[in-house]
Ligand code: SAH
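What follows is one chain in structure tokens, specifically the form predicted on its own.
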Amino acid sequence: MSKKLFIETLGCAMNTRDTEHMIAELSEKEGYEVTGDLTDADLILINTCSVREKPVSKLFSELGIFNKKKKPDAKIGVCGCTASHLGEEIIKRAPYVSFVLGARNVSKISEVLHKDKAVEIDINYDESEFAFKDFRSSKYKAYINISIGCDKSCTFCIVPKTRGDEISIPDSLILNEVRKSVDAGAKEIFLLGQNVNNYGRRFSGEHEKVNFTELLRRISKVGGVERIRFTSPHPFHMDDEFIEEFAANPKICKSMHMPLQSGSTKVLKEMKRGYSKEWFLNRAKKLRSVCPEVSISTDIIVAFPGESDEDFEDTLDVLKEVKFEQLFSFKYSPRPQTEAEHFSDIVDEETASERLTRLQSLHTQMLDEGNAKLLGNVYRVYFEDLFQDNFVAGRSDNNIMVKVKGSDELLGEFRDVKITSIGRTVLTGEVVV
């Protein structure tokens, strides 16, 4: 009988891809198969996130639950970004953990599995040319890493301390993954990197210098690729060539994630984001002008140390002007090993909560007004997920989630859908015959 693997994934899409890599390696080299039953597992992994404080706190409560429910001889491994920055402390606080594997050391999963109390957290380890075995959680969409690590020095962010310096993966390896994914049935390619449009800045060996815009062109020429998505581009690197290729290339989905973080130039400087309020608005205006159908999403941190009422109003100004279709917003929380952890002039909790509520309420109001105009529109939807009550769901080219009555026969198929009912996060429609 094969051994059973249970894995819980927290955090971003890159963690999702890291999880797929670990499943592939453990399946091919160690004979594991995935189970959704924790109590049946021989190996339990938690792939962690450390971008905010809450997932770190959740880690140790989850580990306690896992330890109580697991089989007596089952191993527990902690992987990902929290593993990178806490390292041996995890085993000290939870001695029943068998090993700790950092976010830059995914390829060592088979190795640490056989070393009790192993701690592999080298953020300088280079996996950019490691040939992982194949595993995809979806037959219809393929996540593909195009770089590892991050070269930015944002004062609030722990990622460079957990994933190391940025290294681009050679385009020949990326294109090979794209071809294999298409051969396996995927029609949508989702490119991953901390700053995807900084692609090509550094490779670990001698490789052709290819920038992100050219990489997009090359991927779009692979037979069978029908859609390309990516996350996350950095506003600083959104040059005209990139924006114009985004607009003109029919294979590239017309949804763009532009992480704002703050609308105040003063706060952006304190964050070391590398751009101003004016630059961000200029890039968003350029994007809207050349690609009117685009949907733009963003990340915003409120109550960064030193953020004044005027600074917060600048953020609201950007929200009103850009009219983001999707917003991920959070109160600032200090992260270990970051510059901002030592900043003074902390915004009090009451003010931080009030600002977050105002921001989210304004966005909700704008979203409701915008969504009301979508009734009756027709979108080309790529169906990927089965929903409850005999609904099938997928996304439009510009990233609107749409569900229709249907069965698994629609999965992996494109259909034109007319919107018949408006929801805040999911629209309902009917397939146009």
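Keep in mind it's a predicted model, so treat the numbers as computed, not measured. Note that residue numbering begins at 1 and tracks the sequence as displayed.
The next section is about a form of this same protein that is not shown, the form predicted in complex with the ligand.
Figure note: of the listed segments 180 to 188, 244 to 252, 200 to 208, 151 to 159, the one touching the ligand in the model of the complex, with heavy atoms no more than 4.5 Å away, is 151 to 159. Note on contacts: among Arg52, Lys69, Lys29, Lys405, the single residue with a heavy atom within 4.5 Å of the ligand in the model of the complex is Arg52.
In terms of contact with the ligand in the model of the complex, the residue from Arg335, Arg355, His85, Lys141 that brings a heavy atom within 4.5 Å is Arg335. Within 4.5 Å of any heavy atom of the ligand in the model of the complex lies no heavy atom of Gly263. The ligand is not drawn, but in the model of the complex it has a heavy atom within 4.5 Å of Gln194. The ligand is not drawn, but in the model of the complex it has a heavy atom within 4.5 Å of Ile301. Contact annotation for Arg104: none of its heavy atoms lies within 4.5 Å of the ligand in the model of the complex. Three-residue candidate spot Ser232, Arg273 and Phe330; every residue lies within 4.5 angstroms of the ligand in the model of the complex by at least one non-hydrogen atom.
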